[in-house]
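Only one chain comes next, encoded as structure tokens, the form predicted alone.
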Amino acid sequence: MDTSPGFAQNFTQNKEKAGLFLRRFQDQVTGHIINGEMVVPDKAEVFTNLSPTDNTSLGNVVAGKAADMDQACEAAARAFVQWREVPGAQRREILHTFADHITQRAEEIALVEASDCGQPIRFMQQAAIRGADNFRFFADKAPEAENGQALYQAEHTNFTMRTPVGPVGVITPWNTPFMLATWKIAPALAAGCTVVHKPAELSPLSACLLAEIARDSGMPDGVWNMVNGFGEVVGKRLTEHPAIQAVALVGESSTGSHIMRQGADTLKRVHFELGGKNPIIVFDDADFKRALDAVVFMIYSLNGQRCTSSSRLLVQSNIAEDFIQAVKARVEKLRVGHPLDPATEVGPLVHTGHLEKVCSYFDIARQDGAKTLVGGTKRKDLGPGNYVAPTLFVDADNHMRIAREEIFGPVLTAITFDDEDEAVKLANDTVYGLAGYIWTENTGRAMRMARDVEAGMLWVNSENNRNLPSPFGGMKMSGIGRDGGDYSFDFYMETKNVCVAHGTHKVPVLGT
């Protein structure tokens, strides 16, 4: 199990520390952070943030109104005038300071995030460190963000430069909210944009910590704003507000469709990282043990609640029986429990509504003719939390709902194939195209599969390994655009071409 210095490896200690960090959210209403200040509007409506572990209250959060979002967008617009002029080297220093503050509060972030969204502490220990790494990476790119290229011709020279697009809206999900927020916001700030962040209402606490860190790190007021509330109110207003020039979303495909409609009147550019039904394809020549480890990790880690989870196991038929039995043995041993217990491998799902959605597929699978080899039940023995048994479906085909719809939980559907052509056909027979995983020792086959599988990201003989300069994103219903390195700047910046004449070309003459 991965550990990080400074983290307790004791369940009791983790609960005690988490209780101390969470008390502030329980003792006072969590509001917005606008123009550097915590804002709790007079007579504000609130909603109760529930713990996934037992559905008790983690405190009340302001349910923002359109007027609150207007205030945040206007603050971002005012701050943009100054922030865009801050030299890249100075933005680099501010963002490195920000990363230092994240690292200093890493234990608080991990314990709060695990408590708020139900992800096991063994994974959340790295969340803050990864978030800090995101900021350091883009901090170092800030001085070069404006750079373009020179294109020399005989009588003209063209050169390009990049300028920040303006205030941007960032809408993040509830599954790994801290890390995903840093992933979106760090390049926006490095580019010179100001930000209005709308976090998911199901896991709002780490967004508050992030906005506080921005304020404490020397970020000018208004550069980073955060508004809590529901998508149909504050999210809608964010995507419609004329001051916002671009919207970056991590969320469901249906949400992306709504945002495209809402931003149409103001012609906002959009960047969407959306849903997936990602295949992990295991050929008979794969390294059996390594492929097994990757299959189990990529669907059951993080409670199966991540966009790149490999929720469809496509396994070659001549090894299917042995491989599926090996998966079964591992799934039966997965430790389900409290997210703050260091031994826990699968924690509670984020919310009762999502628990019911995931559990609904247990009946759907039976109705469609699939067999539940492991799991397929709630874990009522663990108390009133949102616990579900890790599940493995077999005897399935690609036409079943369990193979076509994003369940977004610790649920794997196994399907067999006979040859490479069938594997490609099955992999591509989906409306999604986010990620894919290919396990084979045949280099030529790996290259052919990489070419033919319709997904924005493919890993060969590996689990999801993130490389920050590389493009991250999907095709089809899985998204628009790419994150990572210069790909992020392509979204958050405008590219401007300047053509300079050498004074030697003939200018056309009219009217003489």
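Keep in mind the model is a prediction, meaning the values are calculated, not measured. All residue numbers are counted from 1 along the displayed sequence.
One more form of this protein should be noted, the form predicted in complex with ligand NAD, which is absent from this view; the next part is about it.
Peer 1: Can you tell me which of 107 to 115, 406 to 414, 336 to 344, 145 to 153 lies within 4.5 Å of ligand NAD in the predicted bound form, counting heavy atoms only?
Peer 2: Going through the listed ranges, the match is 406 to 414.
Peer 1: If we define contact as a non-hydrogen atom of the residue within 4.5 angstroms of the partner, is Glu252 a contact of ligand NAD in the predicted bound form?
Peer 2: Glu252 belongs to the contact set for ligand NAD.
Peer 1: With heavy atoms only and a cut-off of 4.5 Å, decide whether Glu201 touches ligand NAD in the predicted bound form.
Peer 2: Glu201 belongs to the contact set for ligand NAD.
Peer 1: If we define contact as a non-hydrogen atom of the residue within 4.5 angstroms of the partner, is Phe362 a contact of ligand NAD in the predicted bound form?
Peer 2: Looking in the predicted bound form, residue contacts with ligand NAD do not include Phe362, since no heavy atom lies within 4.5 Å.
Peer 1: Please check if Lys236 has a heavy atom lying within 4.5 Å of any heavy atom of ligand NAD in the predicted bound form.
Peer 2: Yes, Lys236 sits close enough to ligand NAD in the predicted bound form that at least one of its heavy atoms falls within 4.5 Å.
Peer 1: Suppose contact means a heavy atom within 4.5 Å; in the predicted bound form, does that hold for all of Ile171, Ile259 and Gly275 with ligand NAD?
Peer 2: Every residue of the spot touches ligand NAD in the predicted bound form.
Peer 1: Work out which of Asp418, Asp381, Glu85, Glu232 lies within 4.5 Å of ligand NAD in the predicted bound form, going by heavy atoms.
Peer 2: Only one option qualifies, and that one is Glu232.
Peer 1: Check each of Thr430, Asn386, Gln125, Asn175 and return the one that places a heavy atom within 4.5 angstroms of ligand NAD in the predicted bound form.
Peer 2: It is Asn175.
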